[in-house]
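A single chain comes next, written as structure tokens; it is the form predicted alone.
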């Protein structure tokens, strides 16, 4: 998997002009032209199964959408734990499948807004990957899990505003930086029943300590940015849980282990007729894999060589 990721960047990376939202607004028209509709703020309550056949989805507000095929891209854990009727999960022993895989690690992301354009601030267009010195990775992970005050196992710094040639047209005199690090879910479990943006002062204090440590990592790399930051906000595993519905705020769905990649149930087709899976859990981590999973799931449903068609285009 590491070889695939490294090879992917041999010819350089790509960035959507206008930011990542352009992916949604561009595919929006394709979906509509094909007769599809995109709904937002529309939460699914349950997949409707009749005689072991998926026939639709029931929404939180009670509305029902019926369709010939139902596809879940919510991740296999969320799908089997929350979206399928319990009797169906029991009938096919789907929970037994989930015992064979684990969730990937959870994370934190520091979103930073700065005064000054990317050019003025001399922001790089490359991503920074920062690891602790004089210690192997496994030991660093063990130390960090036991004590969050230990060195971060990895700090990833990205400069989206510097990569986007249209950025300054939309946000003149401003810049943005993202910093991601791994962060265990367990220390945040005590706040799991609280609401987003309404958690207590102890949660806010913990976030601030982590945010300051990440800012220090940024200043080590680019010391001239001190005093240029106008705003920053840290997401935690609970933030990811709130927005993405991943139970423990995991960053990449399923954990990437050799055992995970030999599981035959991690594929589009399920034991339920007309019910399919898609997303990174049936391929591997990341945006490219998630996109490609759509091609694989479409091929499974239509029984056509969609991959060949895509590659020819």
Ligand SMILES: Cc1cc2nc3c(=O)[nH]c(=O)nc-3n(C[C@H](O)[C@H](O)[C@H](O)COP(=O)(O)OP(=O)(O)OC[C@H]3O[C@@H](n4cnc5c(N)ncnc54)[C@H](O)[C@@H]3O)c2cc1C
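This structure is a prediction, so every number in the text was calculated from the model and none was measured. Positions refer to the first chain, counted from 1.
Beyond what is shown, the protein has a form predicted together with the ligand; the following relates to that form.
- With the partner omitted here, the residue from 219, 196, 131, 243 that has a non-hydrogen atom within 4.5 angstroms of the ligand in the predicted complex is 243.
- Residue 74 is the only one of 74, 177, 214, 123 with a heavy atom lying within 4.5 Å of the ligand in the predicted complex.
- Partner contacts here mean any heavy atom within 4.5 Å of the ligand in the predicted complex, and among 257-265, 63-71, 281-289, 28-36 they occur only in 281-289.
- Residues 43, 78 and 252 are all found to lie within 4.5 Å of the ligand in the predicted complex, as judged by heavy atom distances.
- Among heavy atoms of residue 156, some come within 4.5 Å of the ligand in the predicted complex.
- Interface membership of residue 83, defined by any non-hydrogen atom within 4.5 Å of the ligand in the predicted complex, is confirmed.
- With contact defined as any non-hydrogen atom lying within 4.5 angstroms of the ligand in the predicted complex, the stretch 119-135 contains no contacting residue.
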